[in-house]
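To begin, one chain is listed below as structure tokens, in the form predicted alone.
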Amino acid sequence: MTQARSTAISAPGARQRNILRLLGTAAVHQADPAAAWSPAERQLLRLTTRQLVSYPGAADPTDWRALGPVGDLAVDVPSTYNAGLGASHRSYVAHLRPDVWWDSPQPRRITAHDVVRGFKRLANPVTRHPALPYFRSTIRGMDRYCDEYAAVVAGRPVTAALLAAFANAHDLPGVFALDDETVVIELLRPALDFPDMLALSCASPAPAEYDAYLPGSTELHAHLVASGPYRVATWQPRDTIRLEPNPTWRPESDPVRHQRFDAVEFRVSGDGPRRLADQISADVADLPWGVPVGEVSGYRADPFLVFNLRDPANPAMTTAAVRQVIDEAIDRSALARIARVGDPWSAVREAYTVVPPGNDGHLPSDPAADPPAHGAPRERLTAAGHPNGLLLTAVCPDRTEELALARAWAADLATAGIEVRLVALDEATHRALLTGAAGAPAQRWDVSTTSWTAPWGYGNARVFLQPLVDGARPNGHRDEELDRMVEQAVDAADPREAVACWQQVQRRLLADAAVVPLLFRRPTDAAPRGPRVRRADALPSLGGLADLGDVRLGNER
């Protein structure tokens, strides 16, 4: 699918004086803020969207200044110092810059009403955004709004008109506009990390034109409306995405991005990492995309296993003893060897806890000190009531390395008497299944691989754990004791107390084998850079991916 504004695409290998060329092995399927989530998708959205606040680029990604957001669409980060944060720390007032524009057919200013529309779209039941659990537990009325939104479409054909009718007829209690340039966001409880949540691309404002299309749909991608320095000119996700300068963007209104190029091109390569590096070294492209270019302090969980606890294809998945057999049967050292071949630009280590090192809430683990399981995995499966073995359906993204890893752990499970039927899905479909989105296909599944990169790097104790206890997701693990722990964690005013509470949640999840950590990875600075690249800073909020809003090339004008 190509947008009407499409311009000519440079031939692969052709050197373009003022085109930033990126080459990656994985396709990006989403540019709708209400659906996009992977670091690579958010890397692209860095160029085409604006948020109330955003992270600035920094030459040193471990610098504290790279970890805190600054004003973006908002004049400043609301705080007690600028009267943007009330004394109760539950009410944020953001004042918008007056000169930020939509690249709509008739350009117009972005208003506070567009910010409100963006939060309503985030609550939509069709895409069920992966970051939604953070907002449901934080913004006043968001949880109920999501439930009522889902109830409207349940059992009915979902149309854009149906979604828009609900959104336009129902207020989101905790988010409202005082006037065109002032938006108020009220919280259920103080949340020190709320500015970080506002910096997520899913919290972007939305233009009224988006009401005409289903979130994340092909039709919407043919009518994307930009607010960042670039707009989508060509959208062929499995081949080439080309951005061109947004004529309505004004540099004086954007403190974190630049518009340095005549075009930015993302091309998908079917080659492996070695060939990709060779092409970049040969000046076929300037940077890899979807590949971290610099060291950041925190590891990411990549991959880990989650289970369908709500409606599994095999009811055995709801039994903790079966999940524990799976946990103990997998040889993580073999997985690490596979990952080091497929991802030579990351430090890889075996994982036995949920929160990776370098993030708040990490629990040091010593597998050798753990008490040994009683009996071999096959014997334990028999003891769990399955002497004849099990057949499970596993879903995973259709990327080369992830399939290789899935085949390896499936072979481990076979030795324990568990046969795995592997189903490879494109990233968008796989994500829809895991989030329980209304638009997900009717695919029954039991176990899935997934990964998670911390979307913010400081004060981030909740980021890996809260999605795992979200009852709206098929893999959301809940019990009364766990619910109590989560409430304590989100209510904790002291960051140290919050970390301790989230560590309790983590221990509970691990004890029930509700999640099976497999590997942790941390970006290094080994990723290739083309000979023209003079500067490409790594953004901690993108797990070390390059800040495309401030890349500098040798022939830069």
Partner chain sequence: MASGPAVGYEGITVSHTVDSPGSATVPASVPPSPLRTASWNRIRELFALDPTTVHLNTGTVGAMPYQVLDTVDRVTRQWTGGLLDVYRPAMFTEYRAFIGTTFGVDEDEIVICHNATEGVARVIHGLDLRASDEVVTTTHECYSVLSNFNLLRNRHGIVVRTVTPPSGHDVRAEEIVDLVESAITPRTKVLSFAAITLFTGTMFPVRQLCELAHRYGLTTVIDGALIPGMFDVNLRDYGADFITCSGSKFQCGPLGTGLIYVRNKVIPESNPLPLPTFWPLISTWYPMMGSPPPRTTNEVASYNMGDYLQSAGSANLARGAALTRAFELWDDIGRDRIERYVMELAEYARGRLIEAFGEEAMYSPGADPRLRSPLIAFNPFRRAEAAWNIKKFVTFVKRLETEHRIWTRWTEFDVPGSPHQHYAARITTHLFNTRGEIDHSVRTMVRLAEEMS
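Everything numeric in this text was worked out from a predicted model, so none of it was measured. Numbering follows the first chain given and starts at 1.
A second form of this protein, the form predicted together with the partner chain, is not displayed here; the remarks below concern that form.
message: For the partner chain, considered in the predicted complex: do all three of Val395, Arg407 and His430 come within 4.5 Å of it, counting heavy atoms only?
response: The answer is no; none of Val395, Arg407 and His430 reaches the partner chain.
task: Using heavy atoms only and a 4.5 Å cut-off, determine which of Thr382, Ser253, Thr182, Thr159 is in contact with the partner chain in the predicted complex.
output: Exactly one listed residue reaches within 4.5 Å, namely Thr182.
query: Can you pick the one in His223, Arg257, Arg399, His95 that has a heavy atom within 4.5 Å of the partner chain in the predicted complex?
result: Here the answer is residue option His95.
field: Partner-proximal stretch of 472-480, 199-207, 121-129, 86-94 relative to the partner chain in the predicted complex, 4.5 angstroms, heavy atom
entry: Selected range: 86-94.
query: Even though the partner chain is not shown here, does Asp193 get within 4.5 Å of it in the predicted complex, heavy atoms only?
result: The answer is no: Asp193 has no heavy atom within 4.5 Å of the partner chain.
task: Using a 4.5 Å heavy atom cut-off, state whether Phe176 contacts the partner chain in the predicted complex.
output: Judged by the heavy-atom cut-off of 4.5 Å, Phe176 is in contact with the partner chain in the predicted complex.
message: in the predicted complex, does Arg140 come within 4.5 Å of the partner chain, counting heavy atoms only?
response: So Arg140 counts as contacting the partner chain.
query: Would Glu186 sit within 4.5 Å of the partner chain in the predicted complex, counting heavy atoms only?
result: Glu186 belongs to the contact set for the partner chain.
Residues in 476-499 close to the partner chain in the predicted complex, defined by a heavy atom within 4.5 Å, in order: Residues within 4.5 Å: Asp494, Arg496.
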